[in-house]
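Only one chain is shown below, in structure tokens, and it's the form predicted on its own.
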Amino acid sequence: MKAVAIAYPSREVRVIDAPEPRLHSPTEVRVRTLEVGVCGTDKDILQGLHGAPPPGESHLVLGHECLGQVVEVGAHVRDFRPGDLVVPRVRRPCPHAHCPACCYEHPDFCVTGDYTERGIQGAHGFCAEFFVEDMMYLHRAEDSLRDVAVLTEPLTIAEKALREAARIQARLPYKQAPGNAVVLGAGPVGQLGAMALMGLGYATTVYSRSPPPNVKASAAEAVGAPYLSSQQVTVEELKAKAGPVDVIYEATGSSTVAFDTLRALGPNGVLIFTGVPGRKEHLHLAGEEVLRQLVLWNQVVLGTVNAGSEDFTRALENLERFRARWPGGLERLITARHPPEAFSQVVEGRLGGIKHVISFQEAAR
């Protein structure tokens, strides 16, 4: 079967002929891959900043944002049947009995770092014509989400982050209604994060680099999120325009931008880091001012990575809600679909737009 893989140690990306996977357990499901999203993590893998092949192998099949269709189920599988659309989770538990997170099936909070991630760390991904997965790591997507369900995994980042933020804000001695939020970055994670925040009732502003008009600004404004450019609007001006900011949702991977925008965070606010820096930055941090602000205003800085089962379930539910509230809003995020042979070109990020997707269905036509 056709698969997109990175070879080690050369880090050359190419389409290979891989063995078609078969069921080896009664709880496994064989899935035909329909679409795979390409993101900054894939670029980091190609650049050697992240990622590793399975033990003993010299290549890694890429792809971790996936939508597929069930073609075969094991004898013990009851919740899935051929024809179902499914989205797989990415991370798998570490093997250590002393890791409480993995023992309780929450590898997104793994304490050892020895987890595996399909298409990223130590396990082949989904950018292949077929894959096999245990039923416990699959989530069924409604047929109505066929054109947008590939966005599920990027949305789970926001689902987990906002779930954690809600628990943190439960510390307040009063019930806090959703207030103002700022999203840093207007890529897929930022756009979906803005929708998630608005879905919770936050008045949300997207703060990104490129001045409007541009496709990202148009996508944000189409769902009711004002778009401001950091090249045109200073952090102080952002603070004045957005009002007291209760949540800053960072989706840029830029430490400079994130810590600079911290100045806009209001009393009792939460700054959520979701981006992993892909480049070196020289950060000049006014440490005394930052500590003074965090302490005097009871602020919290939260880092979050990956997502759990409940986040995938919630993301699929919210995709349905987003489509009903903002018709065409999700579709607008997907700039183009490409054949597997275009993976290298797509991951280099020279095509512009918001989200690029590898389509195996289109390739088969």
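Treat the numbers as computed from the prediction; the structure is a model and nothing was measured. For every residue, the number given is its place in the sequence shown, counted from 1.
Heads up, the form predicted in complex with a small molecule isn't pictured, but that's what we're talking about next.
Novice: Out of Q69, T335, N318, N306, which one falls within 4.5 Å of the small molecule in the predicted complex, going by heavy atoms?
Specialist: So the residue touching the small molecule in the predicted complex, by this definition, is N306.
Novice: Could you check which residue among V247, I157, A219, A141 gets a heavy atom within 4.5 Å of the small molecule in the predicted complex?
Specialist: Partner contact (heavy atom, 4.5 Å) among the options: I157.
Novice: Looking at 116 to 124, 179 to 187, 286 to 294, 76 to 84, which lies within 4.5 angstroms of the small molecule in the predicted complex, counting heavy atoms?
Specialist: Checking each option against the 4.5 Å cut-off leaves 116 to 124.
Novice: Taking heavy atoms and a 4.5 Å cut-off, does T41 contact the small molecule in the predicted complex?
Specialist: Flag for T41 set to yes.
Novice: Residue-level question: is H50 within 4.5 Å of the small molecule in the predicted complex, judged on heavy atoms?
Specialist: Yes, H50 lies within 4.5 Å of the small molecule in the predicted complex.
Novice: Test of understanding: in the predicted complex, would V90 fall inside 4.5 Å of the small molecule by heavy atoms?
Specialist: Judged by the heavy-atom cut-off of 4.5 Å, V90 is in contact with the small molecule in the predicted complex.
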